[in-house]
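Form predicted on its own, single chain, as structure tokens, below.
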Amino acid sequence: MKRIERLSVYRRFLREIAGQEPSSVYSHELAEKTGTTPAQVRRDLMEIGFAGHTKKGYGISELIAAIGDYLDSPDGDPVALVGLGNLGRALLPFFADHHPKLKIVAAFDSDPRKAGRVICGCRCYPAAELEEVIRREKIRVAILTVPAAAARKAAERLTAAGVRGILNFAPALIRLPKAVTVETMDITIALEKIAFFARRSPDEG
């Protein structure tokens, strides 16, 4: 899991410098910009079968392509979004603009005023149609932006319909079978952590 995260970070940095001179990058440069070590960078890239040159480093465009071949599905991954509140609406254009290989193809909401509409280019379906649409569109990845009280039930329904990866923004602990990968992004906890350390003096460590 950590290696996958690091590869994503490497690719983000590489895209930022793509097209600039020089056209190659060294492991120590990747390490410095991504918060790891040169040895870890080399191990990660060896795992995906990409080797650099001692003198020339890694070709930037070639490395971006190699990471993409490893991380991304050739045809892309269709994604479902469950919950079209403020956060859900904000995520729709974000994914449309930032990651063509991860496309939100269906949204679901219990509000009848949203069902049947196309919002930010994505069709919103009634929550009751979740299983049918997930199976029809062969969706294996989903994003949860529902209230905490509704998160577990929604995750169970997604899993039963065939979803195998869930990005959970709900402030709730979700326990699912080991075959399902769940990544929880609890914004409140993250902000509390940042606020705590922001109040501490540099001497407190």
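Quick note: we count residues from 1 along the sequence shown, nothing fancier. Because the structure is predicted, anything quoted here is derived from the model rather than measured.
FYI, the form predicted in complex with a further copy of the same chain isn't displayed, but the following is about it.
Checking Arg43, Lys56, Lys33, Arg136 against a further copy of the same chain in the model of the complex, a heavy atom within 4.5 Å turns up for just one residue: Lys33. Shown without its partner, this chain lists Ala66, Val141, Leu176, Ile60 as candidates; in the model of the complex, only Val141 has a non-hydrogen atom within 4.5 angstroms of a further copy of the same chain. Although the partner is absent from this view, His99 contacts a further copy of the same chain in the model of the complex, with a non-hydrogen atom inside 4.5 angstroms.
Not displayed here, a further copy of the same chain is kept clear of Ser23 by more than 4.5 Å at the level of heavy atoms in the model of the complex. In the model of the complex, a further copy of the same chain sits beyond 4.5 Å of every heavy atom of Glu129. In the model of the complex, a further copy of the same chain lies farther than 4.5 Å from every heavy atom of Asp111.
Scanning 162 to 187 for heavy atoms within 4.5 Å of a further copy of the same chain in the model of the complex gives Gly162, Arg164, Gly165, Ile166, Leu167, Phe169, Pro171, Ala172, Leu173, Arg175, Ala179, Thr181, Glu183, Met185, Asp186, Ile187 in sequence order.
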